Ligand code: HEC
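In structure tokens, one chain follows: the form predicted alone.
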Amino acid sequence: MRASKFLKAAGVMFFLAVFACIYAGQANAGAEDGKKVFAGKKCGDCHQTEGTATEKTFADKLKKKGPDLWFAGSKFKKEWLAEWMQNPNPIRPLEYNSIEKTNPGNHPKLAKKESEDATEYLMTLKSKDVQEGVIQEGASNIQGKLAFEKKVSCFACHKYPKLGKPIGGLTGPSLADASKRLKGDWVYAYLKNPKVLIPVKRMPVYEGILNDGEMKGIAQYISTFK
């Protein structure tokens, strides 16, 4: 009886191992195809995919046509990214690098297969400075809410959901659907050490203003935005 159970368990483990290998192989193939899609669509003309950040001045920043993606796998949620590239609704109310021009919403669309493959590729691009598993996403955090709304007033630049509708500023990307789009661990890493990820930016550096608990709290609070 024990031998039979052992054989059954071994069979299950073997099946799972084979499935994992097949899945990993498919993901790797998708990532390679996605890299080709990215190159073929000339996405690299606007987005940097090799880290770390290269800009040192605002003049360098203004030369960029779109946000960096060399940490895309650390920043974005896979399902959202695949869907967004098929229907790229503006995330920023204003045009990239502008504080006055409205975002025209003309980002190129990808077909479903192209989007899925490109997503597989982008998910491989990760930053060593974003530690995974730090933020408990989706859990309410009063300390984070107070820091976000009262202490540093993030909504002055970012839209966020309040009483069922998005409110807030226009100069930063919207956070209205952050729970679907952003990984809480990336938000925390960015607040903690922004110069490593995006060294030249308009967003303030909160070191010395927010303590570590408040930064984690804000990241957790943002992870509840729908």
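Predicted model only: the values in this text are computed from it and were never measured. All residue numbers are counted from 1 along the displayed sequence.
The same protein also exists as the form predicted in complex with the named molecule; that form is not shown, yet it is the one meant from here on.
Proximity of Gly138 to the named molecule in the model of the complex: non-hydrogen atoms within 4.5 Å are absent; the residue sits far from the partner. Among heavy atoms of Val152, some come within 4.5 Å of the named molecule in the model of the complex. Using a 4.5 Å cutoff between non-hydrogen atoms, Gln143 does not count as a contact of the named molecule in the model of the complex. In the model of the complex, the named molecule sits within 4.5 Å of a heavy atom of His158.
Screening Lys165, Lys195, Lys56, Lys65 for any heavy atom within 4.5 Å of the named molecule in the model of the complex leaves a single hit, Lys65. Along 189 to 204, these residues reach a heavy atom to within 4.5 Å of the named molecule in the model of the complex: Tyr190, Leu191, Ile198, Val200, Lys201, Arg202, Met203, Pro204.
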